[in-house]
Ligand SMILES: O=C(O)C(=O)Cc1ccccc1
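Below sits a lone chain in structure tokens, taken as the form predicted alone.
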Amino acid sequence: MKVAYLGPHGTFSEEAAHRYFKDEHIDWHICDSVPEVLEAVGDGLADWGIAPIENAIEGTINMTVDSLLVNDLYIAGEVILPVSLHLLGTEGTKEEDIQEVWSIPPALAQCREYIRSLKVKTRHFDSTASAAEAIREAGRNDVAAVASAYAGDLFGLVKVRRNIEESYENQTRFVVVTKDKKAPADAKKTMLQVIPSDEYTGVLSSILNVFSALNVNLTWIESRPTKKKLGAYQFFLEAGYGVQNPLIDKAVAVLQTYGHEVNILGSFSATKLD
């Protein structure tokens, strides 16, 4: 079995992938971007892919949503990974000696108050893992990286300061995708794409009222441009029932009666990692 995920080594995506897929005979396919992960599955280079779709602080990761459609993939699983950020340095690094902190902009933003208290410069990298690796390669005690404990262990760094993020409820949600459009028997959620028949006042409200009338809870709602014209949007809805539930069929049937295009993008259950 081949599994694609976003690299390089030490990323949160790698941690999520390695903790979710536990088969000893997995052939890992490391990609340079989220679209490449989903393209690898779509093109048959990997059997499965795992990609971040939402962060509790940063919100929806739009490139994942868009790439799902382009590659005609099916969401068969969900992984929720707690995100803890630490200040990592080489052995002997002291907090008071740090002059510069390295990481990706979102991670730095999630630790803004702490970094501001250090009164240091920041330097941007393309991943928390590459920042951590650069600290190891630099071998200096006046720089540090904001990254995960997983990355720190991988690159042999020490935690100069633990849990420097401002929100201790930070989590990232990953979707597990495949080309096989078969829902797990125990699926608890269904992801749908709804393309309105026309743009008119209250169109989103009318769509949501269908689920409300059926007493179907929606756990996630996102809008994305149809890319056909300015102001034209499609909606992504996550319903709190698996696709095997008759209420999902009813909701789809009613929406289609109204002339809306409805596509089921996946049905799955959540796996929460500690």
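All residue numbers are counted from 1 along the displayed sequence. Since the structure is predicted, the reported quantities are computational estimates derived from the model, not experimental observations.
Just so it is clear, the following notes concern the form predicted in complex with the ligand, a form of the same protein that is not shown.
When contacts are defined as a non-hydrogen atom within 4.5 Å, all of L6, T11 and T172 contact the ligand in the model of the complex. Look at 136-144, 100-108, 175-183, 195-203: in the model of the complex, residues with non-hydrogen atoms within 4.5 angstroms of the ligand sit in 100-108. Heavy atoms of T190 never reach within 4.5 Å of the ligand in the model of the complex, leaving it off the interface.
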